[in-house]
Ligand SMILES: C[S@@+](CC[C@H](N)C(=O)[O-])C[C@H]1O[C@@H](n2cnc3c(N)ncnc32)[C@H](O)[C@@H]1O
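Have a look below at one chain only, the form predicted alone, in structure tokens format.
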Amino acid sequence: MSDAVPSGDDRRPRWYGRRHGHRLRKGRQDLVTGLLPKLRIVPPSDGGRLDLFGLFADPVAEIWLEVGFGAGEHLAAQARANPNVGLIGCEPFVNGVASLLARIRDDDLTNIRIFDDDARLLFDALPDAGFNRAFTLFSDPWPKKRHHRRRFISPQTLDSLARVLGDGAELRFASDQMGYVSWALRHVTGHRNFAWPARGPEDWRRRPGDGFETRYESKARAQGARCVYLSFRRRPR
């Protein structure tokens, strides 16, 4: 996943990552043309808030959010494992969206909806305390100091996440870049609305038992990198 920052006085974030990769094969392009419009989330034009539960044809008990789902491995796996949960995934990279659409088709998943743009553009349309869980996994760490402002974890996005997460909701962050891990830990624990309930090293050295590996995580492990998994809780209002 790539990140963005506000562009001057323009409310639309300036995008720094890629939106397109290699040309899509016909089958994948057909999914983008035919299936995506049925699953795409469109913020209300009047500036109102979305009815999250109303996005899903079948009743769901909870709503989870993944920001920057990459190729959709984790999002699709969570959807398979939790058919009673509605999952909203945000990803502007067209090739990644197409990969997720193929998983949705192949596994006949009905509990995923997609916002194929920068998640920040969706935040204003999300209701207060609407999510029980949120994920930001192996997003672009923007390692150069002058690029740190492009990182997804920031005071501004944490304010937005604090608003849309319900009391006690979980925010999961994972990365193999220790600079970004330190950054995230400092910013999230420094935010008045989040707590880090870890009790020991095993709480951040191991992926949560109900988590699933992403492509970026697999690549990092293959290169011998150490991955860190941070789980935060939204404090009660």
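Residue positions are given as counts along the sequence shown, with the first one as 1. Remember, predicted model here, so these are calculated numbers, not experimental data.
The next section is about a form of this same protein that is not shown, the form predicted in complex with the ligand.
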item	value
Contact of L101 with the ligand in the model of the complex (heavy atom, 4.5 Å)	no
4.5 Å heavy atom contact, I88 and the ligand in the model of the complex	no
4.5 angstroms heavy atom contact with the ligand in the model of the complex for Y216	yes
4.5 Å heavy atom contact, G130 to the ligand in the model of the complex	no
Contact segment among 80 to 88, 137 to 145, 106 to 114, 159 to 167, judged by heavy atoms lying within 4.5 Å of the ligand in the model of the complex	137 to 145
Contacts with the ligand in the model of the complex, stretch 145 to 184 (heavy atom within 4.5 Å)	F152
